[in-house]
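Below sits a lone chain in structure tokens, taken as the form predicted on its own.
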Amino acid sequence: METSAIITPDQLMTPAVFADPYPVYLQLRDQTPLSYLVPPGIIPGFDEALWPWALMKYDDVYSALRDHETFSSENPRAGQFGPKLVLIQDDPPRHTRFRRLVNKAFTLRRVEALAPWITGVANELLGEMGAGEVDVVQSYTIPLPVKVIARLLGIPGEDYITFKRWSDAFLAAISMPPEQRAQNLMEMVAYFGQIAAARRAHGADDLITALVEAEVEGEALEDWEILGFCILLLIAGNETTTNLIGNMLNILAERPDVWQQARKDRSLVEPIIEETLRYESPVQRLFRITTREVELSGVKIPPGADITIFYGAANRDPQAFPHPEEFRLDRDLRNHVAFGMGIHYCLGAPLARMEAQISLNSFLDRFPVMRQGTAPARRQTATHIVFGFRQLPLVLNTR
């Protein structure tokens, strides 16, 4: 997409923008907040009279993420397009109770204890992948994160292809035929229902057992809440990391000088990961609804308005990040919003960062040279929520 082309807000819901949203952000950011049209029929059951509002400026996005009382996650349509996701579609006090419960499973100590196992899985996948031209999406960036979250949940990691299919179906509310999507979601719900029932009978040292045995204010979680947790963790636990690692490897394949610098100086690994999160945010947009009239950048937004928070656009706002279209390792990246901000800050962020760190170090150890492949790379166009690859051929040389 040419940045010189005239772009209208209504293009925000097109596959071309899902594949490459940054030219749109460049043209529209200064005009936001603005409302945009969801084309009729693109989201089944969506009321086209309720045009969503887009927030793209860093300050507006930051303000909305920090003000959960005004920008509510408890959307009345939550669950309309699939099972409701516990936590991500909850407000306090319910969110607070659930967050406290799941935080126990994502303590820094528990995440760090996984590092040797994750390293082993990474090396096993790289060994199976070999050298030469390889599609790293199918061979690495999909299986690693799904295997990791499967281990945490206590489900067989070998089923990662099925888990990924379910995850893709959940996100593909606007691109997959409704019957096909419903079938995938029914399979996923049935699967986790069976696993939860099995853990009630015979517990194990895993997250699903912890959920089954948990009590919130003296009451056990209901079945739908356990299912909502499992689905959230499966989807969020693989999509963010799959796209983070894929985007990072592609960025480095385009910059062989940075690859060579990182091979010599591993202190660059962390800045590379953080700048990737800013430069090509794996989660591009999520949603809120206003509980009252609110003013942002001089624009009044009414109560009950659907809000789309564009993380990817905020992370390239020149007011927050000078020369945002450049990939640079000398930035202060403490305030990027790739993992959100405020009470809904991604609880899996430490795990995603660890997987990216282990992955990058493993690739750097094994491959002196990494460059773009001869086959075309293909961005995903099935969902407006994430930004990443469905095919990424890279040439990996061991000498």
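What you see is a predicted model, and the numbers here were worked out from it, not measured in a lab. The first residue of the shown sequence is 1; numbering continues from there.
The discussion below concerns the form predicted together with a small molecule, not included here.
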Heavy atom within 4.5 Å of the small molecule in the model of the complex - the one residue of Y279, F163, Y311, F170 that qualifies:
Y311
Go through P52, G373, G340, P33 and name the one with a heavy atom inside 4.5 Å of the small molecule in the model of the complex.
G340
Please run the contact check for C346 against the small molecule in the model of the complex: heavy atoms, 4.5 angstroms, yes or no?
yes
F321: heavy atom within 4.5 Å of the small molecule in the model of the complex?
no
Proximity of L286 to the small molecule in the model of the complex, heavy atoms at 4.5 Å:
yes
Residue-level contact is defined here as any heavy atom of the residue lying within 4.5 Å of the small molecule in the model of the complex; does G237 satisfy this criterion?
yes
When the small molecule is placed as it is in the model of the complex, which of 294-302, 193-201, 254-262, 238-246 ends up with heavy atoms within 4.5 Å of it?
238-246
Would L87, I149 and A352 all count as contacting the small molecule in the model of the complex, using a 4.5 Å heavy atom cut-off?
yes
